[in-house]
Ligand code: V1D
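Given as structure tokens, the chain that follows is alone and in the form predicted on its own.
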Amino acid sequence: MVVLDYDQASSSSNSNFTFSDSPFFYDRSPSNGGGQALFVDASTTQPHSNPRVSYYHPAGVGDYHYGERHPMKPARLSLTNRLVLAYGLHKHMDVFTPRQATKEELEMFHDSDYVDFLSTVTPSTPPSAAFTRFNFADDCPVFDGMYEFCKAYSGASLAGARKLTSDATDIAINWSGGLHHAKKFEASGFCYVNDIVLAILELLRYHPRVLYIDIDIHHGDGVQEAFYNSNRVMTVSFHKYGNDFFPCTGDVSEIGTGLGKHFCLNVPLQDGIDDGGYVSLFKSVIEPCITTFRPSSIVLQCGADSLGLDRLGCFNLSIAAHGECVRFVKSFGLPLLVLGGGGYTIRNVARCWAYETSVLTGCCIPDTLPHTPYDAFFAPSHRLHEPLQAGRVENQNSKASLEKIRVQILEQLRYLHGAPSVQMQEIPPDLAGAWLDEDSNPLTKDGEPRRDEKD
């Protein structure tokens, strides 16, 4: 049982606070100023217990552009990938360049009329009623290569899900995915195709129950809506709620309907939540969710806009605390699909996801960033764990309010009466045929290009 300790990170207010002083920091090796190392020799300690990790980075996914003034910058994916490679983390993973999703695969969830529009519209298409019908406006503009971009990140999430269902990996990572706002019939919140729903539907072909966890600052409304009536998917979202904050959903009273009643959990938070309050609440909610619902796989959306100093965010989380949530979910040893999401101060997004890649692979990486072609983005400090407390937002989450949320969540879990039984039927054939050739593994353990080979 997790005991709440909202004061764990109270030292973060100290002007002399450093990243390695955080109780949530993963690497306490002497080289990082943190005292004793977690492992004396991580390369030789219990190698049989190391999870198999697969990493998916679609070719060219960071080259797309929403528009000059748009806060969503796919270039953050290029920064993240370069840091992952420069740290040598690819040596501890199987790295894949997945194929794009097909139109038929997108229609596993999305309406065919919507996918048809998505596949044909271009920036030069004259405005019509369809733009309003499918919610294409300032937040969701039409840009060059939009459909290819959607197929790329969706294909990566589907490939990761299929790798998990075939028991060929324990953890699958796709930082380009996690676009949780897209609805069945429309775009929403910078998201056009909901790759999370597509991946969960794939997991459900083999797994009786899937737990979806969302730590983006915005409510995962698209995923919640898709499974609102289902007892095979439990959705748990930690997010800012109130003051007309997008998408204006995610109250604790939203618990699901029909068979899905009480299988939808929302953790609405206020501005300025800090490391101690967030991580303690996260652990005290997720542990009973897993032990009660007993999922056979987990999908974790790691939106980095919940970090401090995010362009669109209002929380005070450090990268170490964000990564501690990832480490905690990993510790349950269930098949895990890890996805990206929001994040609009791109230098911090890249830092966060590179660090969380190290957490997922069990590697300790130094605070000094390795050299990449994007060094200018990380100036002047060139540190992985740059303090994000400057200009802190006042914490409006009291201990009493967080405890009230925890009690409400536990009360909902009482109604589950254990995990629901699921009658599994014969597995249907893959919609698009054989997936043996879907992946190419472009890197060897030494980071050299590798010829395409069957998975």
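One rule holds for the numbers: they count along the sequence shown, beginning at 1. What you are looking at is a predicted structure, and each value in this text was computed from that prediction instead of being measured.
Below, we turn to the form predicted in complex with the ligand, even though it does not appear here.
Within 4.5 Å of the ligand in the model of the complex, a heavy atom is found for not a single one of Gly62, His65 and Val142. Though the partner is left out of this view, Asp275 does not reach within 4.5 Å of the ligand in the model of the complex, counting heavy atoms only.
Contact between Gly160 and the ligand in the model of the complex is not found at the 4.5 Å heavy atom cutoff. The ligand in the model of the complex comes within 4.5 Å of a heavy atom belonging to Arg69.
A residue is said to contact a partner when one of its heavy atoms sits within 4.5 Å of a partner heavy atom; His181 meets this definition for the ligand in the model of the complex.
Here is the short version: of Gly260, Gly189, Gly362, Pro335, the single residue with a heavy atom within 4.5 Å of the ligand in the model of the complex is Gly189.
Taking Ile255, Leu312, Ala75, Ala168 one by one, only a single residue has any non-hydrogen atom within 4.5 Å of the ligand in the model of the complex, and it is Leu312.
Picking from 300 to 308, 83 to 91, 363 to 371, 97 to 105 the stretch near the ligand in the model of the complex, with a 4.5 Å limit on heavy atoms, gives 300 to 308. Contact residues in stretch 246 to 260 (any heavy atom within 4.5 Å of the ligand, taken in the model of the complex) are limited to Phe246.
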